[in-house]
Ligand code: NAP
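The form predicted alone is given below as one chain in structure tokens.
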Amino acid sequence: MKIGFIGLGNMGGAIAGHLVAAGHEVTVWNRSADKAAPLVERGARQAATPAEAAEGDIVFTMLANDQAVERVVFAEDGIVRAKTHVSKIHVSMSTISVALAERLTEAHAASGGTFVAAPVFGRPFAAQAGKLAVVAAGPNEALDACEPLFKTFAQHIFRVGDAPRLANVIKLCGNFMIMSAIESLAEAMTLADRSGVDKAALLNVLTSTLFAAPIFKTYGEIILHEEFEPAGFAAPLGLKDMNLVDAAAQSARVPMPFLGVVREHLLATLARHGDAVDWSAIAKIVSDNSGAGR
């Protein structure tokens, strides 16, 4: 199958690599062109523009934010400009706003194509291992075409409806819950530490009993060892996602008071520790607020 892939960061580069390895004819584009080199060495073709990358059967985007997606779709050399027939499918794997998902759905339909939202759950190591979870929404015919491709890099595929925006809502809910789990871990581990309990012992008890989910194990270890750099998911992206959750909550008129707590801790993390740290570095703020180290 002829596939385009736009956005070759830690996640996108790994996903595109699986598509190349599966034998597909993959054309890639990235704002920083040098990131395409490893994939070109493995058989991918480098496009000069997003539109050129979108000349195949399906084009994927994995980009940092709404602005980056809007640029590659709506610019003069963007994806919409490349649409020439009704079988063209754009699969957005980015964490974007619900409002942009709705706009993309309308824009692709108007240009004779189809939009599929397929955000993923999983950190870069899961992408490398082909063990992501894909949450996909869009017309059934388009999802049928995409599913074999998803299987090259995902161990779980969830089809959640025919309106693409539904997948984006689920992704935002999931990221909010991850951030909430990190906050609860940080608070519990700080309480334990300040009370004379070994944090490793606490984490072992919790993740061996009531909280055995991968989120608690993964982030518990990161917080325990303060392995906040290099970031698996950078704090600025975490703040961006919490702002998207807030926008969705306001649109749906849903009060989310805990969202305010985690967003403030992300802001404090960025102010004190910079943009390079993982979003789980909010644990440092929680610890600092307790007076640890005084």
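All of these numbers come straight from a predicted model, not from anything done at the bench. Residue numbers here begin at 1 and follow the sequence given.
Beyond what is shown, the protein has a form predicted together with the named molecule; the following relates to that form.
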Considering the named molecule in the predicted complex, which of V73, V120, I223, V116 comes within 4.5 Å of it through any heavy atom? V120
Checked T152, T190, S111, T95 for heavy atoms within 4.5 Å of the named molecule in the predicted complex; positive is T95
Out of the stretches listed (238-246, 52-60, 39-47, 261-269), which one is close to the named molecule in the predicted complex, meaning heavy atoms within 4.5 Å? 238-246
So in the predicted complex, is the named molecule close enough to L8 to count as touching (4.5 Å, heavy atoms)? yes
I'd like to know whether K88 contacts the named molecule in the predicted complex, with contact meaning heavy atoms within 4.5 angstroms. no
Using 4.5 Å between non-hydrogen atoms, is G161 touching the named molecule in the predicted complex? no
Even though the named molecule is not shown here, does K171 get within 4.5 Å of it in the predicted complex, heavy atoms only? yes
Checking a candidate spot here: are R31, A68 and F233 all in contact with the named molecule in the predicted complex (at least one heavy atom each within 4.5 Å)? yes
